[in-house]
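A lone chain, given as structure tokens: the form predicted on its own.
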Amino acid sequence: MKIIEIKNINKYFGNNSNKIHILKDINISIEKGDFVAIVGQSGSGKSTLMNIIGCLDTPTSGFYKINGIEVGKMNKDEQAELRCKTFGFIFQRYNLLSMLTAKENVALPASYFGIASKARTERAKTLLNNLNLDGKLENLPSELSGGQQQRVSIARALMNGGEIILADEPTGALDSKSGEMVMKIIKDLHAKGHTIIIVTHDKTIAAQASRIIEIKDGVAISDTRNNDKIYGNLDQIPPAQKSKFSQLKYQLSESFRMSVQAIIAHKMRSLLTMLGIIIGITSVVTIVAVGNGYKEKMMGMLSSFGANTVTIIPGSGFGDKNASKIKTLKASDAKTLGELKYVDSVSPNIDAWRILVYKSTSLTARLEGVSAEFLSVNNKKLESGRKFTAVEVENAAPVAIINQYTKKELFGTSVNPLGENLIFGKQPLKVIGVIAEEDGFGPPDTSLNIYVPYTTAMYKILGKQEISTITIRIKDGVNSHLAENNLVRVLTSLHEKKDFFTVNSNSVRKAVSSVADIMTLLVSTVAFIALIVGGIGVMNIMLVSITERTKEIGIRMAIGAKQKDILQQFLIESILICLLGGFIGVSLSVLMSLGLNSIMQGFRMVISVNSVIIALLFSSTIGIIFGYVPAKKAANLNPIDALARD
């Protein structure tokens, strides 16, 4: 039965005036189970003929059939599948993958054949044991002699059955003893039913074949038979039967495994490839963390002025030169507004600057007259003591609450200020509370502030009826802008004109937040540009990597890798490198944030989960986009051109 039929095969290299006619009207047929030697001098075209037979190269004209199927009508993936199922290659220079062990090199063709990992590993062990390499399973090619490497190559050729064994000068790089051993193995394979096609210029080697075809200057000049040894059928290994989903899952898992192997095998190159991604991701996450920290600090500062508050101020707006002449804002206004159902609490405010005296210490301080609810309204907390009572406010009690700076300047650390007496202007005041230190944005508070009931300030210290401002806290869940509009309507009705303006803390908070977001976005854009530059670096290094690994790609294609297998491997490799770079970048950013937060006072970087997720998604997207071009280039390589690359 004819397994190979070649008719009128011609092969040209080059173009136009440089065109060289390598093979000239070759007509050959080979029986199943035969042992054929193709001989000829260097440059005669015998290796080119073998490459065409093995579907590593294509003829310029003519047609070629294997098992009755015309190879010229197959696409590249169909030819790859034919190589995977039918051929086993034994190369003169072994063509083993340097980063894989002997066992992994032998098992590799089965990964493209769809055989499960455990099954192919066991078969690889068996094949190596049969070739007396049982002690070399975990050795890399560099740890094996030439003869041992060639036996590994033979085992690899048999992994998927090797119905047709193509041997290109299999003993050319071996000493005589190793060469004899390899030829004995090849003859044994022939005896087991394998169809053997060997290319050699050594007539001694050719004489061991059943049939000798001589090529000279691209022409088959003779075809002689030494004997009639054509053996029976060969048991074939059936391909794994899988559903489309299982097959896809298997292919992706194998591509993932091979990608990880390649990354580990080339650690330094992988690290250099991901360096741009690491820098970009670290920059993005860190900058966003700084922006979030800035935003948090600004929000903290605004919260110290009151959460969800509306402040009513005399005049038409900030800078109104007539504001000091407006005397219509009264404590009764605050009481009326405080009775509205959407108001949580309210504090009329009146302030003044006077000399503050404690024993022999005299300092200029600011007094604020407030209500019993001012702590709640302004989102302040007490470190010690108590707040004013409603009775104390009603009776204009001479009591005071001081801030941290006043405590430090007047009492230091040795004296408890609670119960101590101060004199502001000429009014004695008893300290009943100390406000806790605030974690606001910017430098620490260095103003001397004391707080007294607004009635005390009005009647006993300043002697006036009007107040400076009214601060109103809106209930949670109420729309502050609607509440503000209603407050304006009510107070305008009370005054019979609008002689005041309002400041809504939520509006200020949103404005500050918007500014912080814009700043973060602008700086993050620069960082994302760095990420894109890193992605271009990934593409460039992957392209260089493909040039370096062209021989590896050729070997993989020769043993059955399809275009999609190569594409998947290099694309997954690129994505993994970018994702790993992303994780390293995020980790560096987190460590940097933790380190700086531990040493910085009054400011902390806030890592955003969203920025981390976006950065990782962006890095994987970069892997896909910038990895596709190199991966596609690798997948489109011609097997014979790739194998010829050193």
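Each residue number is its position in the shown sequence, starting from 1. As the structure is a prediction and not an experimental result, all values here were calculated from the model.
What comes next is about the form predicted together with a small molecule, which is not displayed.
- Comparing 61 to 69, 617 to 625, 36 to 44, 585 to 593 against the small molecule in the model of the complex, the single stretch with non-hydrogen atoms within 4.5 angstroms of it is 36 to 44.
- Among the residues D565, E368, E169, E104, the one placing a heavy atom within 4.5 Å of the small molecule in the model of the complex is E169.
- The small molecule in the model of the complex comes within 4.5 Å of a heavy atom belonging to I22.
- Under a 4.5 angstroms non-hydrogen atom cutoff, the small molecule in the model of the complex has T48 among its neighbouring residues.
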